[in-house]
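Read on for two forms of one protein chain; each stands alone as structure tokens, with the labels structure 1 and structure 2.
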Structure 1
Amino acid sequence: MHTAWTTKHKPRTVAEVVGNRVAIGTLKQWLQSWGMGVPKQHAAFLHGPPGVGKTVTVEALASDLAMELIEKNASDYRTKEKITQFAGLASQYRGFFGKERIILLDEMDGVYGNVDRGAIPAITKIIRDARCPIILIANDFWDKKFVSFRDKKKYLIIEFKKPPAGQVLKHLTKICVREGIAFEEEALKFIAQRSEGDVRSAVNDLQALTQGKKQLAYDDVSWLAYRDRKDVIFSVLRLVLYGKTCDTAKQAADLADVDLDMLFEWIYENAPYHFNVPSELKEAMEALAIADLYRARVRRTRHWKLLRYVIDFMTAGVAMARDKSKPSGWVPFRFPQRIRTLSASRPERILKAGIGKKIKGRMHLSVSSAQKDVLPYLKVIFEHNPLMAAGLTCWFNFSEEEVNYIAGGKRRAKEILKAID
């Protein structure tokens, strides 16, 4: 059974949390102050971008301070009645065995709209009467719905920031050591820098890139520079592959913030691993095949109205194929191999394009015709006739790298370049 590394290697103590030492120290002092009575600030509001350690910090502090943690997603308790039922009573008593208690309401961003009318006032009332520390967590503290929590006299407001790449690198290094993975430091540096401070995202990337391997080289990760990397892509895939309704699955196209071709590749790559009933996988792949047909027609005819069918089949069509498929254990999402292959060959394609442009300039052909019709003949000449190849090199003004490519190796290229001298 697979285990997500974000869970397997989650920090268990504050010392293991990546970055935000000042923020963590402030929160720890506030929690300890409850031992001397109820402070003026009854609640702490932690905010900052996803993946920077807000929730894991609270969990680690509860462990370090031997406090009982009662943790819920606020988005699951959106009404006044549910909030009061859960947090109201819990905030008035100690935990089991006399332990001090912390109440954590995570994902406050999910409390929104008319459905949640009364939830925010209920939370503020519970905080006012609380006899134990209450911690709220959200990404966007400046959302207008949180205006009532901005009074610093009543609430301890703590911002969590993105940790620098160096600290993320240390965390990835520790994980590789624990997993017995030999790595090139440049590879881990690349992942850390690409994560832009999102530790959770960096760990997910590391796990995906080392699936089934015990070594990680820079070449294994460099292709990431050529893919559209969006933090929400895994959440989008869950909407498509595990969506309960057509509307839920179709929302993925709006949330993905990557082009439809890239989203198609992500879904195509991962569908076979998340459907374990053959007949349902067949339906999902047929939906993708139909989406691909419409996609090709859009490219050919520029009839953009057909995109609605591409989106419907590649999202809702795939989601509705699921009935009984329930993969055992955690199944990691995989980066699209077709995109990875194209990215790996990108330097060669750039080199060929440069050669094609030089041929075009001399022979007045399109770059495509130059690559398809002329380059194969040049390769034969460069492999068997160094003298003629030397003349062509001068005429086309090929660089040494281009000569190496056309000749098929440095040994033949050396003969050609020597003939020019």
Structure 2
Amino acid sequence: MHTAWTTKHKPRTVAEVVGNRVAIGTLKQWLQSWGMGVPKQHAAFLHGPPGVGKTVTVEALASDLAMELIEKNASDYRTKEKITQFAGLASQYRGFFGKERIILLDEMDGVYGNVDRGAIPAITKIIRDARCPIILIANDFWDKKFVSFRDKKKYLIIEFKKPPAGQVLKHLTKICVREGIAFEEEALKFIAQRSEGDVRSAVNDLQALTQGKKQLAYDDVSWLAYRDRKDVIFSVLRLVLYGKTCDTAKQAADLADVDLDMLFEWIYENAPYHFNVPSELKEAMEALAIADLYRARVRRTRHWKLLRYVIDFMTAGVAMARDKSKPSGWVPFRFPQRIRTLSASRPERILKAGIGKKIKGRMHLSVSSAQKDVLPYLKVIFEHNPLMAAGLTCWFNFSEEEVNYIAGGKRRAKEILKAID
């Protein structure tokens, strides 16, 4: 059930591969040329950054051209001994069942460049004698250990480039449609752009963010922006929480590459863990409260000059709260939970709104008072009295999912649904 989408939605044919049309065309031509006898270049060397589709292309081409693909991974050719074990395979063009064969040496970056081990010379020897196409893949072609492959007469060198965000977006869209996920275009755009052409990581992100959900909103993904900048934000936090002078603490606001509100959230989330003397904790939280108050005033009056006080209190104000506080041991920095809670409870909020509407339809209330004044009692009833709950389910016309939510568990919900029949 839970297969990785990078496998599940892997391109089956080369037409589905994202980007790199020219590189793919060159490779395809070369593979087809083997049908007319062994060409001058016995091997192709594909290189490019991770996740741009090098391996996927080879697999899709093999399938399109109905060729047999023999894949070898780094562990298979660490040493000369291991490599000579599959030398025999390369000596024949047609495999056991008469299919033309391709030998793929993936993850070449993992091969020891060390001469003693003799891996690279062993591979070049196999290639020299090869009667079938051999494809090598690595990220960094310019690594010293690959120097013997730079001869363009013997090796077809093909570079794979990062596909543009637009093409990644198209791919993500296709996956969402197949998975039946309703999405905000902005959310996918964000993931696509952030991946910087690494399609695999984009697909992984998409899967992680939609885990167990059928919709994806921009709010669900926007916090990812901060994930990669941990290093920066962490050093900023250290300045604010442990700065000795006002100036060092205030520097933080300039160094942080997140906006001021987000920086506030980081400080507000983490400060309590770093002050263990109650009076200093109070000072720090009060400084944050004052910063927040000025923030509200800026919003309300549009007097942007007040912003400097926001910065003063959220940085220097917090730093100056410290006198004797010293957290025992190492305290890790935490991602602002408020932001996580907000986006995590989004599907729940949608569900609650639906329930509120149904209560409203029956009880002359607004949706919000239905949620506040009636739903809590329904929860009690649904948890304790399946019979009454069953009657109410019919009366309100709740869906199964809604019953699940109100009853607070599938087991109780099942009992209620059974009582209806």
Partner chain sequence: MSFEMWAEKYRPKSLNQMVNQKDIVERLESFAKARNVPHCIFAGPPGTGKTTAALCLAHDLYGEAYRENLMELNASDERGINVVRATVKTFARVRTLGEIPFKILILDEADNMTGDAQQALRRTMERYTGTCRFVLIANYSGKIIEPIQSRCAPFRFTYLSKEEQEVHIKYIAEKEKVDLTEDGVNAIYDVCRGDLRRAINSLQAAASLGKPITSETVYAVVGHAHPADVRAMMKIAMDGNFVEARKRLREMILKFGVAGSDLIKQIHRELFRLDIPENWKINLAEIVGDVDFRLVEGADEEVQLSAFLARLTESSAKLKGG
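FYI, numbering is relative to structure 1, first residue = 1. The term rigid core refers to the maximal set of C-alpha atoms that superpose within 1.5 Å between the two forms. Because the structure is predicted, anything quoted here is derived from the model rather than measured.
Answer for which single form is the form predicted together with the partner chain: Looking at both, the form predicted together with the partner chain is number 2.
Answer yes if the CA of Trp142 moves 2 Å or more between the two structures after aligning the rigid core, and no otherwise. After core superposition, the displacement of the Trp142 C-alpha between the two structures stays below 2 Å, so no.
After superposing the rigid core, is the C-alpha displacement of Ala321 2 Å or more between the two structures? Yes, the C-alpha moves 2 Å or more.
Once the core is aligned, does Arg412 move its Cα by at least 2 Å between the two structures? It does shift by 2 Å or more.
What is the C-alpha shift for Thr245 between the two structures, rigid core superposed, to one decimal in Å? Once the two forms are fitted on their core, the shift reads 43.3 Å.
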